[in-house]
Ligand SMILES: Cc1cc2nc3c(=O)[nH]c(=O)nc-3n(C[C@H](O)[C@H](O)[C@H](O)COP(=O)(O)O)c2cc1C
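Quick heads-up: it's one chain on its own, the form predicted on its own, in structure tokens.
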Amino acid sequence: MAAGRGLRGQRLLLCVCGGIAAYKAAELVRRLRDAGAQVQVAMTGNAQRFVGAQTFQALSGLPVRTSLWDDAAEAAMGHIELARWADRVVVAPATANTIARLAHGLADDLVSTLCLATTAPITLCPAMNHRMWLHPATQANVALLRERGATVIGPDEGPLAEGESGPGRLSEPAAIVAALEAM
């Protein structure tokens, strides 16, 4: 990335995972596009329970990928094409489940397969209950992914969806964009 260019012209693959913080990913798409990035969204099945693919398609201007089993896209090995297309992969929100799957090399859905197939840098933006974030298994998985070169933005501390408070909030979209621009 050229100095001073920020995200302008960058191809970002945003992988949205299933947690209540998925609603913030919609604003993240808008802010990334405002910063000049081209954003392609891929969603887990659980993410679709929180926010519809149509929302992300309207904001990104591109069709949203939701499955390895999309006949039209996969006839040409579309997941490999998409993994090659990305200049950076951003997983937001990155759930404890997805972090564990990535740490252990699982590739049984679109998002985990894309992350395993790409050579682009991966940025994780964790979001989960504070007990899940602080659990030794999650901390070990994050440490392993960092050792492999992943960048982690957040999580923030504060009120959580279930009424508790602590570390686990998805960083605000503006903060995520600022951190990505600084990379």
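Note that residue numbering follows the sequence shown and begins at 1. What you see is a predicted model; the values in this text were computed from it and never measured.
Keep in mind that the form predicted together with the ligand is missing from the display, and what follows is about it.
This chain is displayed without the ligand, yet in the predicted bound form the stretch 43-51 from 43-51, 56-64, 23-31, 143-151 comes within 4.5 Å of it by heavy atoms. Although the partner is absent here, Cys17 lies within 4.5 Å of the ligand in the predicted bound form, judged by heavy atoms. Taking the partner from the other structure, the ligand in the predicted bound form has a heavy atom within 4.5 Å of a heavy atom of Ala96. Proximity of Ala127 to the ligand in the predicted bound form: non-hydrogen atoms within 4.5 Å are present. Although the partner is absent here, Met132 sits close enough that one of its heavy atoms falls within 4.5 Å of the ligand in the predicted bound form.
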